[in-house]
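The chain below stands alone and is given as structure tokens, in the form predicted alone.
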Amino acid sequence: MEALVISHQKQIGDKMLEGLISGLFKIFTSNMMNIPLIEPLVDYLMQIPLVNLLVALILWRPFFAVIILPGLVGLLIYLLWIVYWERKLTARVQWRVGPIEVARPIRGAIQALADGIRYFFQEAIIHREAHKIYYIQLPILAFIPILLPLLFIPAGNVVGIKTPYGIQLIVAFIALIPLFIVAMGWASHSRFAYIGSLREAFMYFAYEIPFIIAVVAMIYVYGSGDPYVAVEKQNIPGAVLNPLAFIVYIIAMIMATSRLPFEIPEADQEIAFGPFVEYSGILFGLVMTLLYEKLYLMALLFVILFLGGWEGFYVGILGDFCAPLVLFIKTVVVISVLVIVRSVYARYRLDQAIRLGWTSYLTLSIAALILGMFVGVLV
């Protein structure tokens, strides 16, 4: 009797599992990407049990947008490229060689990957005075505002969560990142980390308000906070429709990611990496990439607002993959050009940067808002 009960329960469990797998498969296949280039391979794999579920998940548009492109895989590829490119470019401008020893035949092209492996295997030292729980948790928790905007960044019909308030949500999550940076300096319990945190807080107020005003100006231009509407209305690029907001946004990207000439919170010669000075090992690897990831998010939004988003070339065999690829290429090109400022400008003092943020920069953003309202009425 007991064996019959166990057998019956097993049958019920198997049916429930089959129903769950079948339901998930229907959900994934109902919103799969269409990529003619790999269609024969996809058709073959869809005939294999369980493998077909994995393939359907990977090609499910919300999953693809968040995990593949422009999501986490795109972010990883960008990180491997931009760290190497920035070092090489700066070295050439300053008549140096730059990374060369790792993979010498290809001029040190995998230096960033080697750095990541080194950080992963290094010991993460936690000094006695640190607030240990927060010190360890904050670099990990900081990825929450990094990852959440990826849910709302569309690329054609590939998007995690489609909402008419996508632009506002992206800005809201990006604005949370400095709070974690300030908290890391506090958790480190070090005077130099404190100084870096205070500098970050001062810089935050200096750029955040003009940055938000510039985004609001573009929302007025397009009449909506929906990224799809913003891209559809760019028969003329947003950079031309509102060049003042374009300039404000570029300066905001540089200030918000602590890039020269606004590398004030870190300031290697003065406070040796500021809020992150006490971090080492894998924890340092996480916090080092934090501002690069923030730059990636801001550049994605920049491309959507000012450069036509995913609109560009279309290759038929790429199908739905073409839009994410165009958006990613535009974003990487923008960032690759933007890092040039690191090589040619000296660092501002903190008081100079704050004065700039609260005077001419704020004035320029208000002018951009007025222009955006005017253009929005005309368009």
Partner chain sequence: MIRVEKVELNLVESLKRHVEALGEAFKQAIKPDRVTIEYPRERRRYPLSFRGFIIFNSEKCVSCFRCAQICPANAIQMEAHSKPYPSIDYTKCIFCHFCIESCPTGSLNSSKIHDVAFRKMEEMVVSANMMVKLPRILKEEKFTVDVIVKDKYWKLLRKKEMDDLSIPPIKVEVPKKIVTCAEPESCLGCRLCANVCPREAITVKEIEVAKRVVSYVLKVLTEKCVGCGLCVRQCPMNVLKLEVVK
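Positions refer to the first chain, counted from 1. The shown structure was predicted, so the numbers you read here are calculated from the model rather than taken from an experiment. Definition used throughout: the rigid core is the maximal C-alpha set that superposes within 1.5 Å between two forms.
Just so you know, the form predicted in complex with the partner chain exists too; it's not on screen, but the next bit is about it.
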Interface stretch in the predicted complex with the partner chain - options 28-36, 312-320, 338-346, 55-63, non-hydrogen atom within 4.5 Å:
338-346
Tell me, yes or no, whether H131 is in contact with the partner chain in the predicted complex, where a contact means a heavy atom of each within 4.5 Å.
no
With a 4.5 Å heavy atom cut-off, would you call L76 a contact of the partner chain in the predicted complex?
no
Indicate whether K162 is a 4.5 Å heavy atom neighbour of the partner chain in the predicted complex.
no
Please check if V93 has a heavy atom lying within 4.5 Å of any heavy atom of the partner chain in the predicted complex.
yes
May I ask you to choose, among L89, I136, A175, I247, the residue with a heavy atom within 4.5 Å of the partner chain in the predicted complex?
L89
Residue among L72, V97, L179, I144 with a heavy atom within 4.5 Å of the partner chain in the predicted complex
V97
After core superposition, I'd like to know whether R104 moves between the shown form and the other one (criterion: C-alpha shift of 2 angstroms or more).
yes
